[in-house]
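The chain below stands alone, shown as structure tokens; this is the form predicted alone.
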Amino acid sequence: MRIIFTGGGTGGHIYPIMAIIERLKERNLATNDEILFVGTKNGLEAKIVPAAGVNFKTIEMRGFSRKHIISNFATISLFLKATKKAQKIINDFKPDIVMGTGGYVSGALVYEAAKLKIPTLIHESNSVVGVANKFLGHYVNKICYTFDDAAKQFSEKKKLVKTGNPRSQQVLNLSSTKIDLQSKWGLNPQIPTVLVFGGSRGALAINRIMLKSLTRLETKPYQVIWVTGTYYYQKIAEKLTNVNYGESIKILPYVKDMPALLPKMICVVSRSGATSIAEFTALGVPAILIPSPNVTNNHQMKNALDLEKAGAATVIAESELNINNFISSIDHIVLDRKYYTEMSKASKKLGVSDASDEVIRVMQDLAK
């Protein structure tokens, strides 16, 4: 099966594709030569995809501006050029199927594939459907999704297939190798451990509340792994040079192998991007979510509220975050065993253990 994948800009568009590619290879359904990822040269995908050894091509594309309307004429011109390049890529590669996950680059490529009568599908990993996927929903053969609220935003109901986020299945496979907390960081494996992180670069609001909360957290009957993000780590380390926060709090810039760490955690404090949610729901880890307010259509808040509604998370808006609600939310999960168990079960229900295989099944059906 020859497949073109396209999506870009954020991890939520890229990691589901990488999970599917990995699973296709595991099942011997596609070789590396039969897979192509098309993105932009400036997006996150330009670093992640080639580094994984996946064939990668770029198309120049950008989004429409809501503030500078006149600049959108140039964007339309760029889109038309992008569709011409997309057509050439498609004709050269001759795919059996084309799949997009969002981002403006996917809009050009999937649209052109649909016009050429090549089987197409999209995957939406967030609760709020992105502009590109809303546009493509009218043209593709199938629409895969993770959150029920996303399904309500598509008018083409017969095309919908609930698959979950492919990253969930990938995390379950990767989590079999667990990190030894004691040998790696000197933490006690018998004490409940809380993970606080804001992504690879970190989240300023989460780091600020952690700085304010250190003296209270060090007295708790649990330990904390605080992942500051590489961008903030040095400044935080300098601020804490002469601060004694005890041995129960471990401060790190980054954790490379998150799936191996998560099974050891009693709860997670994080943003609510689609990839993070897929990771901890796959393993049934209760969450305290502090959505980023700086995202398109406030989709992280919507993601978070969906989890809270299901009983899998507690949501604290960044504007309402303070030491009291931050620490009390952690205490509630860690110290109330019944509450923890209920949240863990609810989280596990949301994680789809065969999400990659479900998307692949849809692809195979279309390719026939």
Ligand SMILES: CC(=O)N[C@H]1[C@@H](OP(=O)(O)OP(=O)(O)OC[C@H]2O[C@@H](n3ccc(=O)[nH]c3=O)[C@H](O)[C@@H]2O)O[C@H](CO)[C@@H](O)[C@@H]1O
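Remember, predicted model here, so these are calculated numbers, not experimental data. We number the residues from 1 along the sequence you see.
Another form, the form predicted together with the named molecule, is not on view; read the next lines as being about it.
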| item | value |
| --- | --- |
| Open or blocked: the named molecule superposed from its pose in the model of the complex, cut-off 2.4 Å to backbone or C-beta | blocked |
| Contact segment among 113-121, 275-283, 180-188, 155-163, judged by heavy atoms lying within 4.5 Å of the named molecule in the model of the complex | 275-283 |
| Partner-contacting position among 258, 288, 89, 129 - heavy atom within 4.5 Å of the named molecule in the model of the complex | 258 |
| Heavy atom within 4.5 Å of the named molecule in the model of the complex - the one residue of 239, 216, 201, 138 that qualifies | 201 |
| 4.5 angstroms heavy atom contact with the named molecule in the model of the complex for residue 344 | no |
| Residue 106, heavy atom within 4.5 angstroms of the named molecule in the model of the complex | no |
| Interface membership of residue 299, the named molecule in the model of the complex, 4.5 Å heavy atom rule | yes |
| In the model of the complex, residue 232 touching the named molecule (heavy atom, 4.5 Å) | no |
| Residues within 4.5 Å of the named molecule in the model of the complex, restricted to 1-34 and counted by heavy atom | 10, 11, 12, 13, 15 |
